[in-house]
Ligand SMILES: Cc1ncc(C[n+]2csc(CCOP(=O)(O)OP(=O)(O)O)c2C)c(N)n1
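Just the one chain here, the form predicted alone, laid out as structure tokens.
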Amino acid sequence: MGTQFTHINEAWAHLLIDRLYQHGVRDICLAPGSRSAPLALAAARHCDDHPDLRLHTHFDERGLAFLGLGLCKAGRRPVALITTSGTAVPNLHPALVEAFQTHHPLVAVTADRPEELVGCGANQAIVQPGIFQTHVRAALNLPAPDTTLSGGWLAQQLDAILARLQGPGRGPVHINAPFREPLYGTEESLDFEPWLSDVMPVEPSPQPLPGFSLHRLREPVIFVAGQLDTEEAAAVLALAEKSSVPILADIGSQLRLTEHPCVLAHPDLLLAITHARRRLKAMHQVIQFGGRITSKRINQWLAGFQGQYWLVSPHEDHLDPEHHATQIQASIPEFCGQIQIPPQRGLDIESLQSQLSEHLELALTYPFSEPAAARIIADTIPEGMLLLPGNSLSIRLLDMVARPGRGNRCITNRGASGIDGLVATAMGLAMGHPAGATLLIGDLSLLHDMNSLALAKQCPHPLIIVVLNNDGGGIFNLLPAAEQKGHFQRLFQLPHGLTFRNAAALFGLAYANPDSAAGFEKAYTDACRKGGVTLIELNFPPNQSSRIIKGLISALMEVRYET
């Protein structure tokens, strides 16, 4: 880092950006603003000097934060967000909530007015310190830049908070940075070498997980896989394979889409079969890896499980909503490498699984439906492409009907399970992953984040957005709200009568609107090959999916053993 600057604001901002870089940040997401000008200019100049540092811009701070979250998930490293002061700041909150819940290292750097301009009617001045409170792992409220505070002092303050981006307690942090005017320097360069003379190099701060003790197993054993990263999933699968342990895998486990003898296909639907649940009663031990299970039936089965139940996670958060699992804080690969499980016998449910597949194929054959669209994506997604299921109905459909295949990495926003920011998250995933991404999203979720379609022009890799347009909140047709006949549409479903062809044209996206399974498969395959951002809109009657799913579940409840 050079020592020639024109103003203390410039030197201060440059040191801050350099410290972010030293702590592993390689993507900076920036929204325009005046008070943040020193940070923006410092970021741009740092990118000029460091080709591996990328700068992304967006006019919508809420979408910007979710873009950063997507980049963070794709690259599995810290990402910085920079905003101006005022209401720009709380727009970061939804993405920070999601990052906090799932331990993703976002750094919110918010420019601010100096303290003498807060609470006195000054323009664009709000109380920013503590604004994210319980949804960041740590917060730092800096003073306005001052030459009496040395560069070494500033570096120490930044190092202390940025250390929280690593280790089992990692997650988002907030740095609030006030700046006094003049915000911009002059043409005269000053030597800030004395001010920077006590800046020390960043020292790595290893944060080992606490030790854990292995408890006594009760056989037979079954695994449940929640939200896992690829290394964790590989360790779980290797242990299962070694001991022939069956796995009930969530769509976000990195195992649900993997074809393997230990990974039970369609676990959500399997648990709708009475005889399958009876077979699972023979299990005396559940070991769950990770949390946030999508399937309501798996959650209900776990809630009623009478045997020994362990939940293994590298984080200290409790991930058992029923509060009866024994929580084991441990590195999942390390745990899997140490535990010894004797070879297990099979569940003897092959005939049930065969009948499940037959009923599912029948349900997906005609008419073309949202479940059928989810199946087509799972079957035809290119190898290496990331998959992001939107929340509400989209993720449940994929979790329910996806056929195991090549094991594409499946990223989810299941920390808080909101419908906000899904387009921006997908953009971040695609920007950070050369093979690109597919987003399966509902119509309300797309309307909620339509501003983020503007990011398409910055996306160099393929992104296919498949929107299931059932004219409102289709998930509510499967919930008790559907029984509220007089209030259902206005209070829950919210039909809007909108389509997305003109939105695609507005943002310059390729667009397709197929109306059949064959047409969708062709449109999706073509979009994957073509690259760029494509919006594929699929229009369905509002309650079609709920009828198909309810009919399928009713049929599965009647399935019996075949001898």
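So that there is no doubt, residue numbering starts at 1 and follows the sequence shown. Please read these numbers as outputs of a predicted model, since none were measured by experiment.
The discussion below concerns the form predicted in complex with the named molecule, not included here.
In plain terms, the part of the chain that comes close to the named molecule in the predicted bound form, with a heavy atom within 4.5 Å, is 386-394 out of 238-246, 163-171, 450-458, 386-394. Although the partner is absent here, residue 420 is a contact residue: one of its heavy atoms lies within 4.5 angstroms of the named molecule in the predicted bound form.
The shortest heavy atom separation between residue 341 and the named molecule in the predicted bound form exceeds 4.5 Å.
Contact annotation for residue 295: none of its heavy atoms lies within 4.5 Å of the named molecule in the predicted bound form. The named molecule is not shown here, and in the predicted bound form it never comes within 4.5 Å of any heavy atom of residue 90. Using a 4.5 Å heavy atom cutoff, 444, 470 and 475 all lie near the named molecule in the predicted bound form.
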